[in-house]
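Single chain ahead, written as structure tokens, the form predicted on its own.
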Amino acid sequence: MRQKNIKTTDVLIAGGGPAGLCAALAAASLGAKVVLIDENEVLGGQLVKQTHKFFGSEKQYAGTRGIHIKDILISEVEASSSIEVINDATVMGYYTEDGIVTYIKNDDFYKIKPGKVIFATGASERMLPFPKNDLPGIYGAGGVQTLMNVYGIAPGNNVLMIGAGNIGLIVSYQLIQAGVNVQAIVEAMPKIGGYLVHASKIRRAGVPIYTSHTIKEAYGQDAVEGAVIWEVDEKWQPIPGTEKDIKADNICLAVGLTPATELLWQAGCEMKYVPELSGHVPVRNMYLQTTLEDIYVAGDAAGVEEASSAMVEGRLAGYSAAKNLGLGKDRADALIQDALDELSSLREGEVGAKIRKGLEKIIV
């Protein structure tokens, strides 16, 4: 492994998903030199496999499919002479003693000294512990989306979906559109967690949704052949005698995401466990600046929400980082306020109540 010379930039962004792309464009629009590092060959993060249309406002590309939003953002990044993209690279750490960020690409070791860093590292899928959960044919929902929407491969013929949040409902509908038989959706909560517009599509397709149920076990010899589900009480305890057998050659787990915050831990940011935001997240101010003044966070790494919120958070972090470097003084405040107003609008009502509660615990 060879070490390269240290380069400098105004803003370094780790993660090229919706938050990272929008952060890069925002910082560059205020005159910042930006380096955007992503571990994948293609930028876009979760947008790469999201074929459904977005909600929100025109600013969040409402009515546009995620895969097309990805194309729009990538084309804008590629058109900017102020943004350098480094694909297929892994950020290794941020070191407070000298403000250096290290990354590896093609077995070479690199160092960058940025003025500000934005961690937009996304989230990872959660899994469930149950007997035989290691059988072939058990996937996370993101894996199923990748198989179908990126590679055009059906994960199975008969699918049991675990989780009735937005991801579980959307992926179930995409499976139905692909000609896959969704046997049932199982949700441990007493009510559906996703938007009713998604649940209505599922119900119209004749797919049963079992609320207050969870998976007891999977079964099969060399691969999944089915699963047993059972009802749970108000204390989440299973109720014996309520078992149901469901035949399936694929079990899809859509049981949530966990913020990918390893780099924030390594850097030494103050972290706090906030269940409403899906795990440990960094303490920060309303401008997404962490307890280390040169580090910002955006997107699912700040707390798991919809991609619309991730894009707005990316813009907010990008504008804030550039402003604190002394750039765009004549425009930064107005742009930052616009982003704050958009986030407030996205988090209104009953749907955003959980996020608002979580943010009250974490913003200083």
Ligand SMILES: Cc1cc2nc3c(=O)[nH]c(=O)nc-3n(C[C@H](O)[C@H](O)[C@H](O)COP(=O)(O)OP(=O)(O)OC[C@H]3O[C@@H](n4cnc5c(N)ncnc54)[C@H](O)[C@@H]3O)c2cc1C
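Predicted model, so just to flag it, every value in this text is computed and none were measured. Each residue number is its position in the shown sequence, starting from 1.
One more form of this protein should be noted, the form predicted together with the ligand, which is absent from this view; the next part is about it.
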Residue contact check: residue 24 to the ligand in the model of the complex, 4.5 Å heavy atom
no
Can residue 121 be called a contact residue for the ligand in the model of the complex at 4.5 Å between heavy atoms?
yes
Consider residue 318 of the chain shown here, and say whether it contacts the ligand in the model of the complex, taking contact as heavy atoms within 4.5 Å.
no
State yes or no: in the model of the complex, is some non-hydrogen atom of residue 312 no more than 4.5 angstroms from a non-hydrogen atom of the ligand?
no
18, 40 and 91: each with a heavy atom within 4.5 Å of the ligand in the model of the complex?
yes
None of 28, 327, 307, 335 but one has a heavy atom within 4.5 Å of the ligand in the model of the complex; the exception is 307
Contact assignment for the ligand in the model of the complex, among 277, 263, 147, 85, heavy atom within 4.5 Å
263
Partner absent here, but in the model of the complex, which of 163 to 171, 269 to 277, 200 to 208, 150 to 158 has residues with a heavy atom within 4.5 Å of the ligand?
163 to 171
